[in-house]
Each structure stands twice: as C-alpha cells, then as structure tokens.
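There is one chain below, alone, in structure tokens, taken in the form predicted alone.
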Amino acid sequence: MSPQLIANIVVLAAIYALVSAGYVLVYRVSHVLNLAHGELMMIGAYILVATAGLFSGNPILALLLAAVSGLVMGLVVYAVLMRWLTGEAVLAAVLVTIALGILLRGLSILIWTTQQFYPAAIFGWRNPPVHILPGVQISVASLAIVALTIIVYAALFLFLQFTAWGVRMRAAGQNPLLAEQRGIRLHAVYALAWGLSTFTASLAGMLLSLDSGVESTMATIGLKAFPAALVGGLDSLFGALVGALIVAAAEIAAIQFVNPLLSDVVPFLVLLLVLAVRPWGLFGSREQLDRV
C-alpha cells in the first residue's frame, strides 16, 4: 500500500471519527440513536457560509460564531424536541430524529437551494496541497481535519474522565435512575450531550466545507459515518476511532482497487460483516445489544 493511499485513509478516517463522536456522545448518555446527525452537520456547514458572508473580513470571528451556533443548535434540538421524549420508548425518539433530518434537509434546500458554496473562497483562502512526506500530499484543510480530530478526542477523553460534568454524563448513561436520585439533573446532562454532539458535527461540516465546499448532499457523509460508530461500538469513543479507521481503509481500498462506485456501499458492507460476528460492535458493551 502506497504512502499516499495511507494518507488518504487517515484523512477519511479522521472525517468519519469526528462525525462518529457525536453519535457516540448522544447514545452513550441518553441511549438514543440520532439519525439526524448528518443533517445537523450539514446545517453547521451552511451556518459557516452565512457567517462568512456577514464577516468575510474577519474569518476568525465567522468561524467562532459558526462553531458556537453548532453548540446552541444541539441545545435547542434537545430543549424543543428530545426533552419531551425522556422516559418514553427509545423507538419514538429515533423516529423523531428521522423526521428532524428530513425537515432539516428540506429547509436547507429552501434556504440555500442545491447550489454549492465555498466558504474558503468567501474568505479569500487558498487550499494548497501540503507535502508531508516524499510523494505524499494532502490539502491544508484535510490536515486541519486530522489535527482537529485528535484535539477533539483528547478533549472529550479528559472531559469525560476528569470533570464533574463528564462524570455526571457517564453516570447518567450507566444508570439514569440512580444518577437522578443522587441529585444529577438529567435534562441538563442530556442537553449538554446533544450540544457537544452537534458541536463536533458542526466542526466536521465546517472543515469539509472549507476543503471541498458544501451542498445539500453533504448529509450523506454523516450517514456513512454511522457504520463507523456501530462497528466500533456505540458507547465507546475509542471504538469510534477504530471503526472509522476500518471503514475508511475498506472504502479507500474499494475505490482504488475495485470500483469507485462502491464508495457509498462499502461502509455498510463492513457494518454487516462486523455485526454478524459481534453485534454490539468491536468495543461496545454487550448489554447494550437489546437497546440497539
């Protein structure tokens, strides 16, 4: 396998891992599959288009506003929709996320049409290739995606392990009834999980839009990241990393050696193969199988 092919796998795995982190955060804390995650990622990218148009002379401010908007969007989704489904059947919450995804996709077309936007061009930024090794090059935006994925996963690990709110999130995920009896405000914890989930998805969408633009089909990337989260195990951030690497390697290999048209199919083939052997994922908890 050539070094350039390995670099392509790493970049694609970083994209899938960054998106998969959001799936894992929501499921680990509230045991809900957020099937609108790809659409929320796409809306985060479109918000960057909006802030870039308003603050084209101040890219840092535009990026910060778009990132904060992603966090707020997750909090609003929980407060308006998901809060009222706490304690109800998990299937009801999943169906609501499906409806939300359809709604967001329709709204994005109504507001931004199907035109492709390039926030980097609005800022006047170029995206030149970077030579990281002899014969190996990736774009500046792709390098930023890899770096940001490492930072996000390190920050999430430290947050969940060593902060009070991180401990509360883990406690709520393990035993919500006992957590509430101990004084943990479940709605605040769930809202934070949704906020962080949408924040990471928005970061992925923003960086992807800076690399290759954004259009209404971007939500497909979120859908393809879902198998990565399932392969690794829906309650494991480390599993999401491993699952993203496996899915990305299989997809790049299929594109390179078989047929590029298989790129949208391969992640789900990998998912079927892994779940046939280990239905709870490579690093997931076996007791979570009934919930999935």
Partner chain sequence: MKDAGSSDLALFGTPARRIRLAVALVALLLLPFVASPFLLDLANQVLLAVIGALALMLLTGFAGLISLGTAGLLGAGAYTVGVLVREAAAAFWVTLPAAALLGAILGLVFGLPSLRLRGLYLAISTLGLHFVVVYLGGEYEAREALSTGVMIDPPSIGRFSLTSDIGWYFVLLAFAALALLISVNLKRSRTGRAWRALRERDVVAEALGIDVHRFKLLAFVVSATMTSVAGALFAYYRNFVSIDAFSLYLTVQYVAMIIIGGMGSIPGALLGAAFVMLFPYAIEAAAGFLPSRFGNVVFALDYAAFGVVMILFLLLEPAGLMGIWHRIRAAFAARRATSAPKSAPGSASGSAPGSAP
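As the structure is a computational prediction, the values presented were derived from the model and not from experiment. Residue numbers count along the first chain shown, from 1.
What comes next is about the form predicted together with its partner chain, which is not displayed.
*Asks:* Could you spot which one of 143, 96, 120, 71 gets a heavy atom to within 4.5 Å of its partner chain in the predicted complex?
*Replies:* The residue in contact is 96.
*Asks:* Go through 148, 221, 138, 81 and name the one with a heavy atom inside 4.5 Å of its partner chain in the predicted complex.
*Replies:* Selected option: 81.
*Asks:* Do residue 106 and its partner chain share at least one heavy atom pair within 4.5 Å in the predicted complex?
*Replies:* Although its partner chain is absent here, residue 106 would touch it in the predicted complex, with heavy atoms inside 4.5 Å.
*Asks:* If we define contact as a non-hydrogen atom of the residue within 4.5 angstroms of the partner, is residue 156 a contact of its partner chain in the predicted complex?
*Replies:* No - in the predicted complex, heavy atoms of residue 156 and its partner chain never come within 4.5 Å of each other.
*Asks:* Could you tell me if residue 66 has a non-hydrogen atom within 4.5 Å of its partner chain in the predicted complex?
*Replies:* Outside the cut-off, so no.
*Asks:* State yes or no: in the predicted complex, is some non-hydrogen atom of residue 283 no more than 4.5 angstroms from a non-hydrogen atom of its partner chain?
*Replies:* No.
*Asks:* The chain here is shown without its partner chain. Which stretch in 109-117, 194-202, 148-156, 130-138 comes within 4.5 angstroms of it in the predicted complex, by heavy atom distance?
*Replies:* Looking at the partner contacts, the answer comes out as 109-117.
*Asks:* So which residues in 218-251, when you check its partner chain in the predicted complex, have a heavy atom no farther than 4.5 Å from it?
*Replies:* Going through 218-251 in order - heavy atoms within 4.5 Å of its partner chain in the predicted complex - the hits are 223, 226, 230, 234.
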